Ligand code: FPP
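To begin, one chain is listed below as structure tokens, in the form predicted on its own.
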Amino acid sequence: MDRHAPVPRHVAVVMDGNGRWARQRYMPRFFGHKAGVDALVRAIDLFADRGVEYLTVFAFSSENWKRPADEVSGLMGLVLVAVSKYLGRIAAKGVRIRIIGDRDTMAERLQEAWSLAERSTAHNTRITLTVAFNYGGRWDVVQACRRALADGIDAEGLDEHALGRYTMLGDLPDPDLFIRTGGEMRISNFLLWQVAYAELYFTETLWPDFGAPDIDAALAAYAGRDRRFGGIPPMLAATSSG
């Protein structure tokens, strides 16, 4: 990796492919999700080592409740196990953890686990890990509108900047790079508001196999992009001004 290449401050990841990873090994899907947690713990360090300040991952969408009941139950239990097993290690490495999503419908034990993770790491500054759990991009926009209205913001005062502050990532810079593993090429209702100008990167690598070479490839692709944010290329701008 080129040490002088631009590095995205904020990376968003759809961690896809756990189930297929397990199926390829003739294992139940749960083992794929377990391997996915291990991959996330590994990825946090790798991204932080490369200078990424914010990492936001899609762990459980509001649509995932449609999955088989035993798989959903296993995922909920895996969260509790993961917090118990990894929280101390992650906290010691300077990682700040934040959770976004609809917590009101979560079991009390899950809410307590998320709160513990946030409290235990609130002082850390190496990298901020935001876990989107029971989250959907459309839900995020709706809840932002409701909160803005509850605060008394009227139609005239509700512009993009004002509404953006009420989204789940309203206090963070928007993602610069959006990565999806597993070969699918869609956003899947993740951070719809925030990824408006993110660079998109899709890889065939299944999430449990996602490691240093894959991260370096994604960051290299990002470094080669010409980010315009809706403007015109610098060369054309110089020509038109002349």
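Small disclaimer: the values here were computed from a predicted structure and weren't measured. All residue numbers refer to positions in the sequence shown, first residue = 1.
Heads up, the form predicted in complex with this ligand isn't pictured, but that's what we're talking about next.
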Contact stretch among 68-76, 166-174, 102-110, 139-147 - heavy atom within 4.5 Å of this ligand in the model of the complex:
68-76
Considering non-hydrogen atoms and a 4.5 Å limit, does this ligand approach Phe58 in the model of the complex?
yes
Taking heavy atoms only, is Val95 within 4.5 angstroms of this ligand in the model of the complex?
no
Using heavy atoms and a 4.5 Å limit, would one call Arg20 a contact residue for this ligand in the model of the complex?
yes
Given that this ligand is not shown alongside this chain, does Ala117 nevertheless sit within 4.5 Å of it in the model of the complex, heavy atom to heavy atom?
no
Near this ligand in the model of the complex, with a heavy atom at 4.5 Å or closer, the residues from 18-44 are Asn18, Gly19, Arg20, Arg29, His33, Gly36, Val37, Leu40
